[in-house]
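Shown below, as structure tokens, is a lone chain in the form predicted alone; questions about how it binds or moves come after it.
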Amino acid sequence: MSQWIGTANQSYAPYAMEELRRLIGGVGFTQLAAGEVFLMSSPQGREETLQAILQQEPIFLRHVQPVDRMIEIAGNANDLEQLSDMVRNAVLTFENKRTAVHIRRTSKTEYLYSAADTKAVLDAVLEEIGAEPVVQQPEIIIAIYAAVNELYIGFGTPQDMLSDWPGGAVRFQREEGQISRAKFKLLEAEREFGLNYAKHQLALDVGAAPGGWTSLLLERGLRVTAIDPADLHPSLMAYPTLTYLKRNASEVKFNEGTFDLLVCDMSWSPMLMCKLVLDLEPALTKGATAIITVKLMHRKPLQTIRDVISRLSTEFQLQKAKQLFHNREEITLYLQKK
């Protein structure tokens, strides 16, 4: 038996739970934050459950933390004392390790202390027992979820929790003059899929306007061909490495094997998107990377995803499919051309 806190994007928790049911027989769920955070009880132990999740990572499960300890919330300083004692008693787990403290809370929790106050207290305890409190690149994470009446606490590596951000909520700082928040999606895809866009040379951005994705690739030093009948942001025209084709993607043809990266973030129907990408596929080099968002317009997102992957699999090998924190009514695919 083991227990876990699972987190999905708002309103997508039911799909994460459905995926987990298919992976692990006999799991049960209790809602903690509507449509987003849930408690999962697994009939399997911690290692077996984690192995099942990591071997076939669910698309809609953004973050998972084991429940190693539970503390009934008193609503006073006793809560911080119990958390501090818990960390001291696990000295061997944290000693000489870069350790992050992540705290999340439901809006109706009786836990009185802010994330910053809790972290300050526990960081002091970590220093006391010979651990190194950190914010970035931890070796181990103390994850705390404050529900209404209970604190759920788990220890684990970033890989075990699917993210090194609290609840998998990856946050980037908005830059002055940033064209659109869509840029964050491409940045998060790079982190999630272990990519480095700067390793590519020639990129094709399908449905590029207003140019959030194009801007990031240009900044990384790529030559970018952007296709869209709508206008790109005027600031992009200063780049000599940009080729802008102001037309529909269905109207353009390129020489075979021209591009080593294709990105597509179009608000079209999934099947139309598949057709466009497959029509442009000959323009990609063998092994080229593709980052594509799939809009989930229908009531059966899991079926839509299966249909899209099946359609694209004629020419592409799926590396990973994930609903990123910055995705809304969509998921992101990472593919390679066969």
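Throughout, we count residues from 1 along the sequence that is shown. As the structure is a prediction and not an experimental result, all values here were calculated from the model.
The protein also exists as the form predicted together with a small molecule; that form is not presented, and the subsequent description refers to it.
Using a 4.5 angstroms limit between non-hydrogen atoms, R247 touches the small molecule in the predicted bound form. The small molecule is not drawn, but in the predicted bound form it has no heavy atom within 4.5 Å of P158. Of the heavy atoms in A116, none are within 4.5 Å of the small molecule in the predicted bound form. At the 4.5 Å threshold, heavy atoms of D265 reach the small molecule in the predicted bound form. None of 125-133, 204-212, 81-89, 100-108 except one has non-hydrogen atoms within 4.5 angstroms of the small molecule in the predicted bound form; the exception is 204-212. Residues A182, P229 and L276 are all found to lie within 4.5 Å of the small molecule in the predicted bound form, as judged by heavy atom distances.
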